[in-house]
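Two versions of one and the same chain are coming, encoded as structure tokens; call them structure 1 and structure 2.
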Structure 1
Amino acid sequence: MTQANRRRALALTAMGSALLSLSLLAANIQAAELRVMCYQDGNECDVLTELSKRFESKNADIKIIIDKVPYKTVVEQLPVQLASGQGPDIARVTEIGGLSKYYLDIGPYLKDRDYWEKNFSNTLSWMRTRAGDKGIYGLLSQLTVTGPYVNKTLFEQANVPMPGPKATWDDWVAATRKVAKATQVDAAMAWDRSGHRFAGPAISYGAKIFNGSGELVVDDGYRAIVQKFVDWNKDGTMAREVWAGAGGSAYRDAFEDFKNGRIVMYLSGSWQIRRMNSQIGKNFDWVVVPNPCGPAACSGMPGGAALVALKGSKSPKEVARYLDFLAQEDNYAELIAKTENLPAHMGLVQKGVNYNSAPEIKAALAVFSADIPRLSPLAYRLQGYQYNRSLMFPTVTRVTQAIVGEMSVADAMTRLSSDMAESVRQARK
């Protein structure tokens, strides 16, 4: 090769390297940045960050930025941002139906829409609020299930056998009363002061929740569980101060009562597992048991947090690609296992999730997981209903008034019906 040709070859090589550098720089400049507003109960945002790095390694044209914020920011600031046309591309929310008007339908951008419909069918509807809406707006990243915790040590001390998996609420009331009497604890049971917690037993006792027109209704099934619950509070079965000790619709849990060994059975939910494990420790043995049955079902209530796509995003295709990555079975299983949450993915519900957790946590998660297929379709429908608080909040107020004797159960239910109707009417304005 002549010197001139050699110089020409070197020049071409240098030009090619420069063009390649410019190409890579351009690709980097053009990479879509997706911002994810994320709060965490435990380590959810940390695990999401870990998965996002893996996503970026396979999708060089997308940069994921996880903005970790307090839960209060999601509740108070996110709605204001969205109303002003601002906000992130994706947000982790628990008020799933309340923000639905801001959601982006990623369905048209998904490669396999049927995969989502098959595996997340029970919870996709929570993000849809219009009749006939078939949009896919996000991914439930954490399913929660309500259910009871039991002080196993107290049962052993009282030498009373625990009821089996198909036991009724009446069976558990009888058993926990015996235990409470034998061990001289304050009360047999407590339920969180929450209309959401109340709804599972109500559905189990035959509450239809909706009438033929799809409107909320207080029927005989709902009245039946209210009467039982009021009676249990009056006869000492329930720790009366949990509901009677607060006013209006204010929330109060009974964790401290359970932690301190003052009650035998506590109706709360799967989100309490870590707290149980860390705060009770070796003070006593606690277990989760299946939701007790009523005449109609053996159901708790589902709930959870969702990663929702938002309309303000300038990169809808990239948002869909990222959420689709998280939704794939292996990635979703890793997210659920590392955060010690329950799966909303029906394939994983059937297969089970391999949790690398403490034995007590694994056992509790196993019981809650086994209860997922027992959840009534009505429970899913109520959880996804846009105005479910119109039933849940006044339930707490009116049932408490019946417990403390301000009004009869019949009057409380009449007032509940009118409260509920007015609340829905105001919300629809």
Structure 2
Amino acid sequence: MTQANRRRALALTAMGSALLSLSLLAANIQAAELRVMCYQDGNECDVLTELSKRFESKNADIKIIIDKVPYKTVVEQLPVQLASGQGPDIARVTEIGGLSKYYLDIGPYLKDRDYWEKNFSNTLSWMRTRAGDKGIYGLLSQLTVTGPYVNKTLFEQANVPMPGPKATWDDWVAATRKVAKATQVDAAMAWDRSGHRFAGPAISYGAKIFNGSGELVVDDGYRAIVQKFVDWNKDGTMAREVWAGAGGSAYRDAFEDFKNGRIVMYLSGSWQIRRMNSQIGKNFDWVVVPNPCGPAACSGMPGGAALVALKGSKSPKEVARYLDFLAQEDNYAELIAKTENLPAHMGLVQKGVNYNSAPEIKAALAVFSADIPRLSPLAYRLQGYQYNRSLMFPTVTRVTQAIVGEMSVADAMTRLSSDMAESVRQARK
């Protein structure tokens, strides 16, 4: 290199490093940035963004960035990210027990722990997986309940009366079959392709889920409901393609079939209310009915997405402040009302939330709210159990195989038990 060139190179290097150090300096003076990974069924992330802006105006040193992602990302990629040390500060997750080892305890940073304990007690335990754990890891952005939607217009057209609140699944099957025949729709009902959805009727039919030592078990009650479900799929009561149309444990919902009037009854949950309203609109009248009964209970499954604080966060104090803001009654009530969901805040459950919604939505929310006390304690326990996926995912895989005739129900149950046992064993390692 010539002298001139060398000097030029030196000058460039000097300038470059100066710029670099300036920018690093600038970065440190910036506000604390919280990244929130959020998925939405309806408008949860949008409402969260609104509330976050208000929080930012009151807390100028914190910036909140809400990343709207598809549900698949939270289910499949977030665990991998967290395991490799990456990930956001807060995430809206549904596998509450399963990701617990990545949660950050914000308890020490909260101003009023008792407020949290008092109002969120029944769901805080879902985030605690070790015995004696008293940590506070996040809050549920809503409580969800599974339950059936029914196409009332089809019932009217068929001139069949809808079964009452104490009706069993068999009653509903009979009624919807009549309606389907009369109105010539494809199938009488469909359940989402999900072990979580399946658990509600399973518990109602007497599945004990847990054995004496607190381990998962596939017992006669579970076997009974599986047999019924497989039979219903085979005789055309259930829309076969919902479960049979996929492999493995991939999640599928039957919303499209219900929306297009191809099924009479649809077992899903309270998070679908807004979608029902916006996509079905006035095409037909849809209503929510109480969970049908079985010999043991008339139960659905509780659930809900939780906004959890994650360990990799560089700003735990700010995370605590943000989540505390959301947990305050007025903010939480606004979140619930605008997203048209059920509250996990016990105080609000008592008081009732003032929904500013269409009458159909209000009616649906009322029925779901009334179903909350009917939830079996087994349902709460299963939802909060750390390895509940070990039961739910193989259920989907093996029951589907029984439906398509790859194996008998008995074989499917044996396989299900061994899959479940292996999965729990590996998860414990």
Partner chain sequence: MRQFFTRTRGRTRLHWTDWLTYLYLFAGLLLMFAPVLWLVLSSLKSEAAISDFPPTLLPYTQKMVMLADEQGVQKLRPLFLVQGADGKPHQMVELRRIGIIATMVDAVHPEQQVKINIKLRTPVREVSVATGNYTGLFAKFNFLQNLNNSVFITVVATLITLLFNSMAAFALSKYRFRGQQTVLLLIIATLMIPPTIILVPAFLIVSGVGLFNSLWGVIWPAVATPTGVFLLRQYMLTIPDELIEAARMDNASEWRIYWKIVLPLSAPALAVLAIFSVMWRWNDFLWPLLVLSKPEKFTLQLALNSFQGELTTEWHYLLAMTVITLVPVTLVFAFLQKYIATGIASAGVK
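Keep in mind the model is a prediction, meaning the values are calculated, not measured. Start at 1 and count along the sequence of structure 1; that gives the residue numbers used here. Between two forms, the rigid core is defined as the largest C-alpha subset superposing within 1.5 Å.
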Name the structure that matches the description of the form predicted in complex with its partner chain. 2
Chain position at the hinge linking the two rigid parts, options 142, 221, 239, 122, forms compared between structure 1 and structure 2: 142
Relative to the larger rigid part, how many degrees does the smaller part rotate between structure 1 and structure 2? 21
In Å, the rigid core superposition gives a C-alpha shift for residue 111 between structure 1 and structure 2 of 8.7
With the core held fixed, residue 329 moves its Cα between structure 1 and structure 2 by a number of Å equal to 5.5
